[in-house]
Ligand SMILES: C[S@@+](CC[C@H](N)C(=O)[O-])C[C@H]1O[C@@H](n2cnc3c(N)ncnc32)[C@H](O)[C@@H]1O
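Single chain ahead, written as structure tokens, the form predicted on its own.
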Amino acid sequence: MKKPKIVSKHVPVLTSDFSSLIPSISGIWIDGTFGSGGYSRVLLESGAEKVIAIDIDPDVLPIAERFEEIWPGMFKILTGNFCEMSELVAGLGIRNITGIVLDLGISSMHVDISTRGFSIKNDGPLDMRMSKEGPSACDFINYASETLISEVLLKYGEERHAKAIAKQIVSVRSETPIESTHQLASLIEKVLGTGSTLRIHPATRSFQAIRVAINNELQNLIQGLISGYHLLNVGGLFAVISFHSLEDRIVKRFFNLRTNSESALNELKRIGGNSEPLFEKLNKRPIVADAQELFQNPRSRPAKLRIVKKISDGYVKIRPESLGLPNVSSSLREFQCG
């Protein structure tokens, strides 16, 4: 009987490049960011013996349940954050992991559903929580100090006008709460203007910064990379698709790590520690979308794919800031849901 098709508006990026770099897929894989299941589907249709999917978003469960119906015994969904993948997978009693894929960032289902609060164009409540639990973007915008808001916009969004935006946020919220995405986007638009030279909406960097900060995405990424390294068999593959410079910098530096040294990063050309690398790169430069994919899916433009093979076991001890994690005030933790 023909397997029913799973319909999803989300188009996973760089899947053809992923498949060309890994033409023979087998064994047990972890899809640490299930979303709409794009990469899980690729893995299952390409020969994976089993896919263990992880996602913290409860809205993905109906899609995951369809996968379990179509691929009984071959697909398993676990609720949680991929930074905890070692603990989550340990509960299944599975040890031999052949590969891991992390498709970072937010999916179309997050952006297109206005009630999730990620969209700049579609008005909705100022939420942005991946887990739908804990403090929201609304809490951060209305109760964080001007200094902390400015710090987050600058360090997580690389927004040059962070101070001016933070000052305006505090001024506006003193008169009326900022509770919707349209309110916040319009406020930022007034501060920065809407010149014809702008390639993106003026609020894009600020929205990214707030989302990354409240979901603790960068710290979770570092923990997920370390956890994934320890889970993988020697010879196992680790693929990561990143969507902004802060993510990609962390991934790049981690994949350049050498064992037994906090500071021995190839990129920084520091000396010390064991010279045996952790990984072998399948692609020396990150893969980006070609013209055809950009035409079919404009959201693929910022995506970068890096794939490495684990070639040694070792204990990884690394200071997060050496991988590029911004140093932000500890008061942010009060507003993080992840």
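In this text, residue numbers run from 1 along the sequence as written. Since the model is a prediction, treat every value here as computed from it, not as a measurement.
The same protein has a further form, the form predicted together with the named molecule, not shown here; the description that follows concerns it.
Interface membership of F207, defined by any non-hydrogen atom within 4.5 Å of the named molecule in the predicted bound form, is ruled out. Although the partner is absent here, L257 lies well away from the named molecule in the predicted bound form, with no heavy atom inside 4.5 Å. The named molecule in the predicted bound form comes within 4.5 Å of a heavy atom belonging to G80. Contact between F34 and the named molecule in the predicted bound form is found at the 4.5 Å heavy atom cutoff.
Only one of V51, I54, V308, L278 lies close to the named molecule in the predicted bound form, with a heavy atom inside 4.5 Å, and it is I54.
Just one of A185, A144, I106, L246 comes within 4.5 Å of the named molecule in the predicted bound form, counting any heavy atom, and that one is I106. If you check the named molecule in the predicted bound form, you find a heavy atom from every one of Y39, M130 and N220 within 4.5 Å.
Stretch-level contact check against the named molecule in the predicted bound form with heavy atoms at 4.5 Å: of 98 to 106, 161 to 169, 231 to 239, 136 to 144, the positive one is 98 to 106.
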